[in-house]
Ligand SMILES: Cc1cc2nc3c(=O)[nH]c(=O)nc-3n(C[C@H](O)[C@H](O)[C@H](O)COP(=O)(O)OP(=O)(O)OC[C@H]3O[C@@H](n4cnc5c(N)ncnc54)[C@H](O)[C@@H]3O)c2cc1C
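There is one chain below, alone, in structure tokens, taken in the form predicted alone.
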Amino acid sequence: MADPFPLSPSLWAATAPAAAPTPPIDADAEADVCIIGGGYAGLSTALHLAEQGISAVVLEAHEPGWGGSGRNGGQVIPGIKYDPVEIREKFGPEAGEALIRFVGGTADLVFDLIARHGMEVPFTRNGWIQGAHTQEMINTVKRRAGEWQQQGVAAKVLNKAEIEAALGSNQYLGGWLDPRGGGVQPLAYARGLAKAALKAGARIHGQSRVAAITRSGNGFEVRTERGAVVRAGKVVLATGGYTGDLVPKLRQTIIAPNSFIVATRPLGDNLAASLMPGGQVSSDTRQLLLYFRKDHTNRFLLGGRGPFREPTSDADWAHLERVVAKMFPQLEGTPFEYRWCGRVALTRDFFPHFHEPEPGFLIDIGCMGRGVGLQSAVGKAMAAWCASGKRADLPFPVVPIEPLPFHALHKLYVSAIIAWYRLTDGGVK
């Protein structure tokens, strides 16, 4: 199977089931909805539209799952960056409660889709552990766990001994366990969504980069670089961290840093048992967080920030390899077999953004590192919007496209922060 990530061959490309055929579009087509972007959001939208009998065509510049959906750490974490009390404060009691229910159910949706469609996706669902790296963050995770407990979640606060036993590392002062979380093989999941959408009747075309979107009567014409045109009543654009200049100024509304991941060779049983024996996934409370887990092949993975640019050599992952040895001394000397990266889309307010630059043209951008569950659920919501035309079906408000002030300087600032983070190995002692 050809590796779709030639810059940095990924573990996921090596271990995912074969992709369904998604040939390039070679003739004009018509559909109720044209979806641009074949990641979790676009594929979920197509699947949920097709299940309602609404015709959908997906146009993907590479192949489904090529972007962040096939390159992330595979952690399925419910919620968003804000906790329930903050969400109510920002959106009010009624809208806030609805949003809490939405973000709280994103992991449920992923595992329900895998089961309902019989997807060939290796997964675990033993929870997500968030480790607190400072005393201040101990207070934060206690509050966070308490707020979700009030929402009916069986969250558990972990003391230092408990989190050390759960992770196999002494780097954290405590933390909390969210039982709703889990892990998937992310490229396998993207390909599973594609197969399910195709089976339901959606059409998906890889290697079909879009060149222009124009209004045509009551609908749109979406022209590809290959020359074929899709005529549709509505358009959904969901290109995430790989957003280009198709929509003016859209790319300037986000920062899209690279998230780098390293993976060891498969571990022996005794060594594997010393690391995360309960099968949870984990990320921590750092601003530039570290995230880690074991996968279905018993490899250990750890991810974090790296250069803003694309990688040029294995040295671009060296800081993460040092972090692994510091956090998990039992892995000292264990070879790393895979190194890869993918871009995440970060908005200024850390909420996903919906834009509707023209009636019937919906844009979704911003995953904030929780794209597996969040964007799967957003796709379902966008399908509901396509069917009804009602903004009330969307979980977040529709907002204007507003570029970040001094966007290029934001990138330079993030690059400087990432350089410091690499220099200090993410603050790991």
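Quick caveat, the model's predicted, so the values are computed rather than measured. From 1 onward, residues are counted along the sequence shown.
Not on display, but discussed next: the form predicted together with this ligand.
Colleague: Quick one: of 181, 131, 306, 73, which gets a non-hydrogen atom within 4.5 angstroms of this ligand in the predicted bound form?
Modeller: It is 73.
Colleague: Which residue, 385, 396, 66, 361, has a heavy atom that falls within 4.5 Å of this ligand in the predicted bound form?
Modeller: By the 4.5 Å heavy-atom cutoff, the listed residue in contact is 66.
Colleague: Is the gap between residue 264 and this ligand in the predicted bound form 4.5 Å or less for some heavy atom pair?
Modeller: No, residue 264 stays farther than 4.5 Å from this ligand in the predicted bound form.
Colleague: Can you tell me if residue 231 lies within 4.5 angstroms of this ligand in the predicted bound form, counting non-hydrogen atoms only?
Modeller: Taking the distances in the predicted bound form, the answer for residue 231 is no, it never comes within 4.5 Å of this ligand.
Colleague: Do residue 367 and this ligand share at least one heavy atom pair within 4.5 Å in the predicted bound form?
Modeller: Yes - in the predicted bound form, heavy atoms of residue 367 and this ligand come within 4.5 Å of each other.
Colleague: How about residue 192: is it within 4.5 Å of this ligand in the predicted bound form, going by heavy atoms?
Modeller: No, residue 192 is distant from the partner.
Colleague: Taking 81, 87 and 141 together, does each of them reach this ligand in the predicted bound form with some heavy atom inside 4.5 Å?
Modeller: Checking in the predicted bound form: none of 81, 87 and 141 is within 4.5 Å of this ligand.
Colleague: Can you tell me which of 22-30, 387-395, 46-54, 372-380 lies within 4.5 Å of this ligand in the predicted bound form, counting heavy atoms only?
Modeller: Within 4.5 Å of the partner lies stretch 372-380.
Colleague: Within 4.5 Å of this ligand in the predicted bound form, which residues of 193-212 have a heavy atom? Give them in sequence order, or say none.
Modeller: Result: 208, 209, 210.
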